[in-house]
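In the form predicted on its own, a lone chain appears below as C-alpha cells.
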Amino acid sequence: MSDSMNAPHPIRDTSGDQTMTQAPATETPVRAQVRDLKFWYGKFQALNGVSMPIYDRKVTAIIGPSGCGKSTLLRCFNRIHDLYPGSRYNGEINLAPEGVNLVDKGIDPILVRLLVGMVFQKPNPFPKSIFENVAAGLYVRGIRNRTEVEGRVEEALTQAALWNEVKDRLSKPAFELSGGQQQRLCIARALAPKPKLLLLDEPTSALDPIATAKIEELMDSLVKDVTILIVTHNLSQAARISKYTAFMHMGDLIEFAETEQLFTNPAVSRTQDYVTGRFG
C-alpha cells in the first residue's frame, strides 16, 4: 500500500470554518478511499465532492441530520443508485488493494454488489426459506456445489450469531423469524459471498432495544473479519460502536476523525453544534 493511501487527506469545510484534516496517519491500512465523489439524482446534486478513507476492519459511522447525504454516500459503495434512472456519479471509490474504482462506468454493478454487501434499515428477507436466503448470493456467484453452499451458509449464519437459533429449521420461511432475527439473517445473507465491505443503513432503527444490542454486539465481532460502514441517526450508537466517524451536512463532508475526537473535541464548529444537539 502506498504512503499516500495511509496519509491524512485535507478536507475543506465549505461553511467557512478552518480547513481541517482527516483522521491522523495510522498503521491501519485503508480498505477503500473516497476521492472527490459527487453524485446527482437527475439535476439535483446530493454529494459535493466527498473525500475520506475507510480503514480496514474498523467500523466507520456516518452521521448527520436527515437529508444530509449520508445514505446517498453509503449507497454509492454498492451502486444501488444504478437501479434508478437519471443518477450520475463523478469521482472515485477505490477499493484497496484490488485497485477497483467501484463507481467506474466500466465495472459491472452486479460484481460491485458481491464485493460490497448491504443491509437496509428494515429487514428485507426474500420470500424463501432461511437457507435459500443466505445461499442467494452464492448462487449469483455461480457456486452450486451443495457441500460448499451448505458450509458457507452455516459459516455466515454463525458469523451473524443466528446459527444456533435456526439450524433445525433452515427449510422454514424466513418470515417466521422475529424482526431482530430477520435482520441478522439479512446480515448473514450479505456475509455469505465474503464481501470486502459491509454497508449497514440504520440497521437497528426498526428494532427494539434488546435486538439492537444484539446487532451492536454482532458488529463488534464481525469487524475482526470485515470492514463495516454504518449510517446511523443515533449519536450514542455511533459513539459506542465506531472507531471513526464522518459528519455530513447538506451534501458536504464537514469532518472526519476518530470517533472519540469528533465527539469530544471536534475541529469544526458545525460538528460541535450537531453533536451537542444545537441543530439537527
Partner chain sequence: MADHPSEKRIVAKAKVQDLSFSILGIIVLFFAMAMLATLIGDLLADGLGRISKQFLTDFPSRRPSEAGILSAWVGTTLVMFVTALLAIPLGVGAGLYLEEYAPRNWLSDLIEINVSNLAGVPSIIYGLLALGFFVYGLGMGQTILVGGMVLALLILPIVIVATREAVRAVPSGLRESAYGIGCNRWQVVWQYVLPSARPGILTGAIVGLSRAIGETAPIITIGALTFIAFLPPSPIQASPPFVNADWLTSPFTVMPIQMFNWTSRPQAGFHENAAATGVLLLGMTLIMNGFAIYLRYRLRRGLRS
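What you see is a predicted model, and the numbers here were worked out from it, not measured in a lab. Numbering follows the first chain given and starts at 1.
Only in words, not in the display: the form predicted in complex with the partner chain, which the text now covers.
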Can you check whether Phe175 is within 4.5 Å of the partner chain in the predicted bound form, heavy atom basis?
-> yes
Wondering, does Phe120 line up within 4.5 Å of the partner chain in the predicted bound form on heavy atoms?
-> yes
Does Thr158 make contact with the partner chain in the predicted bound form, using a 4.5 Å heavy atom cut-off?
-> no
Using heavy atoms and a 4.5 Å limit, would one call Leu162 a contact residue for the partner chain in the predicted bound form?
-> no
Val153, Leu197, Leu114, Ala96 - the one with a heavy atom within 4.5 Å of the partner chain in the predicted bound form = Leu114
Between the options Ser87, Asn78, Asn101, Gln181, which residue brings a heavy atom to within 4.5 Å of the partner chain in the predicted bound form?
-> Asn78
Can you say which of 87-95, 163-171, 128-136, 205-213 gets within 4.5 Å of the partner chain in the predicted bound form, counting heavy atoms only?
-> 128-136
Could you run down 178-209 and flag each residue that has a heavy atom within 4.5 Å of the partner chain in the predicted bound form?
-> Arg189
